[in-house]
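Encoded as structure tokens, the following chain is the form predicted alone, with no partner shown.
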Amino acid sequence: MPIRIFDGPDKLAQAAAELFVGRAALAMKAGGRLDVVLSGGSTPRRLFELLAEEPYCSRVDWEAVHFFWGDERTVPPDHPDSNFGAVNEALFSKLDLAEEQIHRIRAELADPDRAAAAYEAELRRHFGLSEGEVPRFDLVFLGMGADGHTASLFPGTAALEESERSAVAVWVEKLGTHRVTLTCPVFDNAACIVFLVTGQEKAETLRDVLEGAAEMPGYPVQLIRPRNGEVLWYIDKTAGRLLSRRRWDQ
């Protein structure tokens, strides 16, 4: 799978912004709409800031982009921990978007299962899906935690076993909270998934995931295997410091 290693988070974000612009242009030619999944956390925030600036902003037909999220914390949208809130501050507040272009997970609902069901219904409506079908996103940005989780697919959680639903609520014991997340079947149906990984605390896990250390325990991120799509890894030097030399030479 293609792996690119960058000098630091800013260079990585610039490359991710170029990728976004390029995929948006391709989507416009193919069908006139780009359906993109965004991720939370600190790594992609610089990407969102760059997309709101030149030379990137004017190169995207923003009216044709629809935004979704891979997961959400059970907080209101204006909470500092909200994945939606981070994107809203860095990107949406600087664009003239229609309300129907932003498909956030309403994880602030008192019942996380209800929030997950509502998001599934939104996906079915937007993509025109029948029962049992999963959406096909054009572009998905994901991160990876030091424990190998991605979105809110954490080690040892029931969400890892989900094979039918597109979105589920999951209790994350280590965090003492619920999250709402898209599931492996959705990610596996994507046209392009881009993992954005930075930070030295992720280096050992990243080596295991990409190169297979002895007695590798298996990580949730390894469950993401698109059937008819591609996976790209954008990594900074600190996260990739334990990878073999051949990775650095790509």
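Don't overthink the numbering: it's just position in the shown sequence, from 1. As the structure is a computational prediction, the values presented were derived from the model and not from experiment.
There is another form of this protein, the form predicted in complex with ligand 6PG, and it is not shown here; the text below is about that form.
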The listed residue (31, 185, 218, 41) that reaches within 4.5 Å of ligand 6PG in the model of the complex by any heavy atom is 41
Interface check vs ligand 6PG in the model of the complex: of 145, 112, 85, 135, the one with a heavy atom inside 4.5 Å is 145
Could you tell me if residue 150 has a non-hydrogen atom within 4.5 Å of ligand 6PG in the model of the complex?
yes
Check: Does the 4.5 Å heavy atom contact test between residue 104 and ligand 6PG in the model of the complex come out positive?
Finding: no
| said: Taking ligand 6PG as it sits in the model of the complex, is residue 73 near enough to touch it, meaning that at least one heavy atom pair lies within 4.5 angstroms? | reply: yes
Within 4.5 Å of ligand 6PG in the model of the complex by heavy atoms, the stretch out of 150 to 158, 121 to 129, 96 to 104, 164 to 172 is 150 to 158
